[in-house]
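Consider the single chain below, provided in structure tokens and representing the form predicted on its own.
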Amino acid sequence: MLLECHNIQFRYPGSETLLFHDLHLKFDTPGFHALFGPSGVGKSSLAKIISGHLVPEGGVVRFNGKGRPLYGYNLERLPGWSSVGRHLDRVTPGHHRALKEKLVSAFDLEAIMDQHFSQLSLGQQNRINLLRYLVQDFDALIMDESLANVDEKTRGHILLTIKTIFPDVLFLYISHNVVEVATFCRDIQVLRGTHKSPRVVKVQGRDCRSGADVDRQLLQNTMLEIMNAA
């Protein structure tokens, strides 16, 4: 598994300043990895470049999986003319029906399958949005604040569930929650402001998995390393 950004150059339309100049980063293993950094450093823009939603001025994105990585974010909306259950049925490939039912249960969404998207809480909307990507055929998924409105305990359960069900998939997780990123992610690429060099600093996360104990001191050290890098 390889996802690599090489010599990426990008600026927002109308801007004279490059947001990214000869940007390099690489993820070469499946599992949970992260893009971390303060607001405005370009995490979402980079995610959209990786997924093909934005075209850079220069550089290339290399990915050796199926197609381009999928990109999901927390403010997406589902069509309002049918229940969320019917929508999931329509977008789920036939060979993933059992997977869909398993995820609906793991995400604690059975009770809202007959409701419309607009009737759901923000946390429920986030979980449904994420679930509709997970039932697709994919090798990489970018989760851009995908669980931003979900409570901490449920977020942790969902992340551990995803890591268990999809061990061979590459996930790129974007979150402002340093505890979460340090706990669950493996390679954490800390994106820094345009005035800082290097532009990206790599930090090794704890990569917590279901059933494993977290060493609190090591976690604290990782969080401190991430914040110092940012």
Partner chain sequence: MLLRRIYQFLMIYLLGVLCLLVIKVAADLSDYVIPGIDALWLSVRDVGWRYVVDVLDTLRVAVIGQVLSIGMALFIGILGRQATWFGSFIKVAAYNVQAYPIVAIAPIIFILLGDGFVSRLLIAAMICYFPLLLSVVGIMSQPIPDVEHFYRQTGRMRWQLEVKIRSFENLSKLTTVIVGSATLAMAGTIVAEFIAASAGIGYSIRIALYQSDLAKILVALFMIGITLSIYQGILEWVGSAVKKVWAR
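The model shown is predicted, which means the values in this text are computed figures rather than measured ones. Numbering follows the first chain given and starts at 1.
What comes next is about the form predicted together with the partner chain, which does not appear here.
- Let me know the one among Lys196, His53, Lys202, His176 whose heavy atoms come within 4.5 Å of the partner chain in the predicted bound form, would you? Flagged contact: His53.
- Message: By the heavy atom within 4.5 Å rule, which residue out of Ser105, Gln136, Ser121, Thr154 makes contact with the partner chain in the predicted bound form?
- Response: It is Gln136.
- Message: Which is the contacting stretch out of 63-71, 157-165, 183-191, 34-42, given heavy atoms within 4.5 Å of the partner chain in the predicted bound form?
- Response: Stretch with heavy atoms near the partner: 63-71.
- Does Val91 reach the partner chain in the predicted bound form if we count a contact as any heavy atom within 4.5 Å? Because a heavy atom of Val91 falls inside 4.5 Å of the partner chain in the predicted bound form, the answer is yes.
- Is there a non-hydrogen atom of Glu145 within 4.5 angstroms of a non-hydrogen atom of the partner chain in the predicted bound form? Glu145 lies outside the contact set for the partner chain.
- Task: Would you please decide whether His87 lies within 4.5 angstroms of the partner chain in the predicted bound form, comparing each non-hydrogen atom pair?
- Result: Output for His87 is yes: heavy atoms within 4.5 Å of the partner chain.
- Query: Is Met113 close to the partner chain in the predicted bound form, meaning a heavy atom pair under 4.5 Å apart or at it?
  - Reply: Output for Met113 is no: heavy atoms all beyond 4.5 Å of the partner chain.
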